[in-house]
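Only one chain is shown below, in structure tokens, and it's the form predicted alone.
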Amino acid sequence: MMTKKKFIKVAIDSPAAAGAGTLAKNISKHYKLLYLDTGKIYRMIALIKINQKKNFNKKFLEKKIKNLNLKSLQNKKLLTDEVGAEASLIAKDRNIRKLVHSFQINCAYRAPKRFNGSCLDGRDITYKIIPDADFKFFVTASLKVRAKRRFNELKKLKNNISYSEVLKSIKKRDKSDYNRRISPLKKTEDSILINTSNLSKRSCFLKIKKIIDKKIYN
């Protein structure tokens, strides 16, 4: 049986399209953890700004984030290029980052009682949002594999996208994530590296499950 010695916190950082989102969802479902894709929050804010530009200000945004429904982060519109481009700009705004970080930390440390803990994935989760996480993972994959995955994902939304465009976009995103001045993407020394390039979704899940089970089960 599982020894619930404390609230379980799982932190995952990864570059774009490495498979961390799917992995985090599976982990959250198995262990009954609150799941939050932190990058989607910036995309949601971007979508709000695009659709409600006239009302977009700090007070309006504070209210939106406070009442944010996590299910709304599954909106497929969040994957569009327009939203992605706007999200990249928004993520550089210090005031917006403070609001988002506050929301993320609240999810990480104050998940509703029906959950056994929390699982967050993003770019700065292991060292900025949950530095004391019980489990830290850095999930990655080769550039070509990640581009192929994102291409297949976007192909379902529009037919005129090309693999070369997606590959170029992923390269640009990597450069931005790893080199940005505020909260850059990096692997911390205490994070476990998980390379998903040659692993199925099931294999990735079982690999992490083995690591978590070893610590939480007696």
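Note that residue numbering begins at 1 and tracks the sequence as displayed. None of the values given here were measured: they were computed from a predicted structure.
Absent from the display: the form predicted in complex with a small molecule. The rest refers to it.
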Examine R180 and determine whether its closest non-hydrogen atom to the small molecule in the model of the complex is within 4.5 angstroms. yes
Give a yes or no for R123: in the model of the complex, does one of its heavy atoms lie within 4.5 Å of a heavy atom belonging to the small molecule? yes
Can you check whether A87 is within 4.5 Å of the small molecule in the model of the complex, heavy atom basis? yes
I'd like to know whether R173 contacts the small molecule in the model of the complex, with contact meaning heavy atoms within 4.5 angstroms. yes
Answer key, the small molecule contact in the model of the complex at 4.5 Å (heavy atoms) among L99, V145, A91, L73: the residue is A91
Spot the stretch among 189-197, 25-33, 40-48, 54-62 with residues whose non-hydrogen atoms come within 4.5 Å of the small molecule in the model of the complex. 40-48
